[in-house]
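Just the one chain here, laid out as structure tokens, in the form predicted alone.
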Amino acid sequence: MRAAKDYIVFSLDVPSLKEAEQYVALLSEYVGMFKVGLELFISSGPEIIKIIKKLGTAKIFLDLKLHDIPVTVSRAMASIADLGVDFATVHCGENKEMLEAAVAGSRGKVSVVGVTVLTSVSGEDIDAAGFCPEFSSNISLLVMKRAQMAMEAGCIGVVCSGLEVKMIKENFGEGFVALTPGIRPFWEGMNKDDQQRITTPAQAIENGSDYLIIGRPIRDAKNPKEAAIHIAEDIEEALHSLSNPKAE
């Protein structure tokens, strides 16, 4: 059985290797995975992967959101697979061939996850991008369409908001992994900042999220370690409620 902390993916959204190393050293025992995004990977390269492995046993999620022609995506994913990370992302984008290329390039050495619709994107953004009204008025429909494409391409799961997780699980099964960004604890005041589609840790767990991608609520806390512990407690409570439902 997974510990509550294993659901937490801490986003290392910091500009320098030195700062990232400080967070890894501080939080390795309190989160289950570290997410390395574009900003940090561009500045530090594979060195941050080595540091995470050196300082603990947390898993590694390389979130580069590959999006290019299939042959380029396949070659990029092959290079990622050689780094020894656990998860890597590719945008669902416009066609299934790109997703299939990512899966082929992984050679089974890294779990490929499809990015559906960013949690910073609103219905107005979808409309402005030229999508048909059925998607701009109901982003969940677009998320589901892209999740279907990701599953058919061989991805192990998707990145989606906590608002869509329940539908993902109902339509694609419990084994189809859901990683959820846009997590805002109530005690943080549910400050959305640039996020549009958000949920609390408990809501995401109750909806079926397998991993909660959390950055600012931990990173910007006065005591990041205590914030991670507090979130793990919220997760533990939600897991307990799910395994021990109240009798009707």
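All of these numbers come straight from a predicted model, not from anything done at the bench. All residue numbers refer to positions in the sequence shown, first residue = 1.
There is another form of the same protein, the form predicted in complex with a small molecule; it is not shown, and what comes next is about it.
- L66, K96 and Q148 each touching the small molecule in the model of the complex (heavy atom, 4.5 Å): No, none of L66, K96 and Q148 comes within 4.5 Å of the small molecule in the model of the complex.
- Message: Is it the case that M167, even though its partner is missing from this view, gets within 4.5 Å of the small molecule in the model of the complex, heavy atoms only?
- Response: No, M167 is distant from the partner.
- Exercise: V117 in contact with the small molecule in the model of the complex, heavy atom 4.5 Å: Yes.
- Message: Can you work out whether D13 and the small molecule are in contact in the model of the complex, taking contact to mean some heavy atom pair no more than 4.5 Å apart?
- Response: It does: once the small molecule is placed as it appears in the model of the complex, D13 has a heavy atom within 4.5 Å of it.
- Query: Is I213 a contact residue for the small molecule in the model of the complex, using a 4.5 Å heavy atom cut-off?
  - Reply: Although the small molecule is absent here, I213 would touch it in the model of the complex, with heavy atoms inside 4.5 Å.
- Message: The chain here is shown without the small molecule. Which stretch in 214-222, 49-57, 25-33, 201-209 comes within 4.5 angstroms of it in the model of the complex, by heavy atom distance?
- Response: Heavy atoms within 4.5 Å of the small molecule in the model of the complex occur in 214-222.
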